[in-house]
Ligand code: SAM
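First, one chain by itself in structure tokens, the form predicted alone.
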């Protein structure tokens, strides 16, 4: 399908440029332009927004974002093989696509976008979680982005939207719930991708709140939550003992029993604990 623009179908683009997906780069391409347009629409109204896309590959989602009216797309691509295909997309949408060759974990993309900004990406599986944590824990809030619409393995998506007591509840759920509203927008079967991954995938849509639900220092909250869930089978007094010598007192002050486990603790209590430890 190529009706969303005058460009060739993605299978033809991939064949012309020899773009076989590389496992080492976490690549799984979506070739159905109907589907990439649907993902773009899940991000909301793009007409007045700059969009950051990470890992555009041959440009399927890029084309969906531009066809759905994105004011401008800034695409960060590590694989130099994809640049000629992306240049063809840029030529079809003059002045609306900027491609930055580089690693998304290292590129300073914020200097290239003008708010309002939405981040939309079929994230490479090997860097998706690290990028999400970075986007959820910037030094200042609200962040430069207003929403994230991101493809993950279904298992990771469920961890982002989980609630206390859920099997999937953990660090990602706490960080997402602290300053955003997160939901699963759609799920995709393996056959939607080339090559098909061994797992199902899901698109998570995350809207930034104007301010955090509870006060806490981002870095300290991240430390507390990471330590708590790193040893989730342990009681918190054992899992967090490295954060403060009097951790049992700090836990009780935050309304947490030292014998509780991380999966039983809610967001408000984690924030109170992070404040208590930061205050010394």
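Please read all numbers here as calculations on a predicted model, not as lab measurements. Positions refer to the first chain, counted from 1.
A second form of this protein, the form predicted together with the ligand, is not displayed here; the remarks below concern that form.
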Taking heavy atoms and a 4.5 Å cut-off, does residue 124 contact the ligand in the model of the complex? yes
So in the model of the complex, does residue 78 come within 4.5 Å of the ligand, heavy atom to heavy atom? yes
Residue 64: heavy atom within 4.5 Å of the ligand in the model of the complex? no
Contact flag, residue 191 vs the ligand in the model of the complex, heavy atom cut 4.5 Å: no
Taking the ligand in the model of the complex as the reference, which of 228, 30, 46, 251 has a non-hydrogen atom within 4.5 Å? 30
Counting non-hydrogen atoms within 4.5 angstroms of the ligand in the model of the complex, say which of 162, 104, 156, 99 makes the cut. 104
One stretch from 233-241, 251-259, 209-217, 55-63 that, in the model of the complex, holds residues within 4.5 Å of the ligand by heavy atom: 55-63
